[in-house]
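One chain is shown next in structure tokens, namely the form predicted alone.
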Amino acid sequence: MSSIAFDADLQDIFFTVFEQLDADGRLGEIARFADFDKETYQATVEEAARIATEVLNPINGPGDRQGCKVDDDGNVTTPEGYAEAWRTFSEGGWIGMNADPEVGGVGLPNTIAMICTELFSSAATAFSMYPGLTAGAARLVHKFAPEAWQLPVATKMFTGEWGGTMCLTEAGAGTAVGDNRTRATPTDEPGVYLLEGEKIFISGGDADFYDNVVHMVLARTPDAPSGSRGISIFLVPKFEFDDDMNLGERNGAKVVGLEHKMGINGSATCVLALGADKPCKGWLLGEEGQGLPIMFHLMNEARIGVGVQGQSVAAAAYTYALKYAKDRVQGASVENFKNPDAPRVAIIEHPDVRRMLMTMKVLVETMRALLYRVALYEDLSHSDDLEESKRKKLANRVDLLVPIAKAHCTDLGFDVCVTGVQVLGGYGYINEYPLEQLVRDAKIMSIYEGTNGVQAMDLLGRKLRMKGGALFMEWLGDSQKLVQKTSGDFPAEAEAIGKALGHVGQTAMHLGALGQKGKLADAMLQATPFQAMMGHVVLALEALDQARVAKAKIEAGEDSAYLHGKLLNLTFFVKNLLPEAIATGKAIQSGDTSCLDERLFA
């Protein structure tokens, strides 16, 4: 057994959400959250931390080693402890944390739900995918299913009686969803179709802890146009049911295999056959051809959720590595390394270990701030209590930052986990300690819900061009205001971040000019580097904002090592991490296209 226990950093969580972002104050201005206050939010997060520690983390390692099984009838058995954990989630209302109370939800803000999700994913990523996917599918049901089913089916899902999945991917049609080949043929019954095809990589495609599972399936109707415009979406249950939600006969949606994966082994990643051994009924959501527009109602939520996963495993890796470094005694201090009789010290005393830990700390805490900010803006952007212009601006900011929240936080989340293994050395590489599982679990996050390369192309090719570049220019302007606001307290750091912001703007103009000249391949070649560059500057701004709040609290007499750590975060980020953004910008603007040479890879 590992000697390092899971722990939740509630101090940093509460500082970020309440002190830096003033989320309780801003959410308090929204009528639908009037019944909640800071004490309620804090108690909710503390209970989520308890469940993460006492219920989820104990099943994480064993679940990874045990994995899932499927029988000949297509029924999946999940690892030991998963059914009990699901029961805890169902009874506690955790699946529908931010869902409408009319469908069995709690009605919490997305901001608080995100914090709880971070804690759950940090403790057991594979398990936390089941409630996350169920809630996402339930939101589509609530909005687009046949009217008689919207409330009762969504309620079954949000309360954990039924599960849910998203079925997009097919062999040969992954990221290119428009290449989908699953067929949906209309029947004599209005809105009912017969589906034929196969879906792969279906997370949570079945489980043994709920009575039914409802799949959201993309398929193509007869005579539908090619590409994404011809895609429709269907509600496909494992078991058919009537309007009173009584289960009937087994539908023709059957799990025919499980993928053997690098990580998230407790999550049943299924191959789902539709109509292979018996007819598979599907009920149309919306109208024919609306599949992708309907699915995109969840895209921001799903991609932000994956960003949270990336940050959450990084947070776990950091806390594990920090605890280990404090306890692991090895070698003498650097000042006494030549003295064979010098006392041995904990490895946290070694400069290189401290550098690694500081890098992990700064990235975890700034990613947390970014994600909480995005969730808060999402909450505020849907509030009728704010002026329409403010709501639109906040919604635009969310749209701009989603690719960074997803891609940058999952890329860095993986890097932080790898660094955690390095801190533990040989022990980090064996499964007696949890770091190696975190690395394996983290890798999928840069791949699913749109690979990070797709996110980078979305940022560069779409988000920066939206509304004539207004989204990007508004972000630049607001960021410069923060730099100016803090220049008196942090002159050197604010100046450096200001220059980096200017460099991001110049690099964006350079890439835009390539696009205007028709050199689209040259521009998109640099999409991922640009996303990483902008992402680093976004996190630098969070470090600056957190330092601003910490300094004010220190000056008000609330001095602590934790608050001083926020000041050191800013210094470390600007001196050690921000230069990467500048170097990347220079590389982008160099105009190198050598890897596009047609003679290469021939």
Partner chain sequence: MKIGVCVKVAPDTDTRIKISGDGAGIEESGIKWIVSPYDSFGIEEAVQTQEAQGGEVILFSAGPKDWQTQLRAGGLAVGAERAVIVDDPALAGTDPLGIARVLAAGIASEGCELVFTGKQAIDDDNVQVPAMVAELLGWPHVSFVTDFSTDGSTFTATRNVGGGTQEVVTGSLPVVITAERGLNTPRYAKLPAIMKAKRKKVDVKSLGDLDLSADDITPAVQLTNFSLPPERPAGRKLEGDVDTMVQELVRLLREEAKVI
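Everything numeric in this text was worked out from a predicted model, so none of it was measured. Residue numbers count along the first chain shown, from 1.
Only in words, not in the display: the form predicted together with the partner chain, which the text now covers.
- This chain is displayed alone, yet in the predicted bound form one of L563, I30, V70, I51 has a heavy atom within 4.5 Å of the partner chain; that residue is I51.
- This chain is displayed alone, yet in the predicted bound form one of L194, I348, V106, V454 has a heavy atom within 4.5 Å of the partner chain; that residue is V106.
- For the three residues F36, T40 and V55, a heavy atom within 4.5 Å of the partner chain turns up in the predicted bound form in every case.
- Stretch 106 to 114 is the contacting one of 129 to 137, 106 to 114, 334 to 342, 212 to 220, since its residues have non-hydrogen atoms within 4.5 Å of the partner chain in the predicted bound form.
- Although the partner is absent here, E555 sits far enough away that none of its heavy atoms falls within 4.5 Å of the partner chain in the predicted bound form.
- Proximity of T44 to the partner chain in the predicted bound form: non-hydrogen atoms within 4.5 Å are present.
- Taking the partner from the other structure, the partner chain in the predicted bound form has a heavy atom within 4.5 Å of a heavy atom of T88.
- Contact between M97 and the partner chain in the predicted bound form is found at the 4.5 Å heavy atom cutoff.
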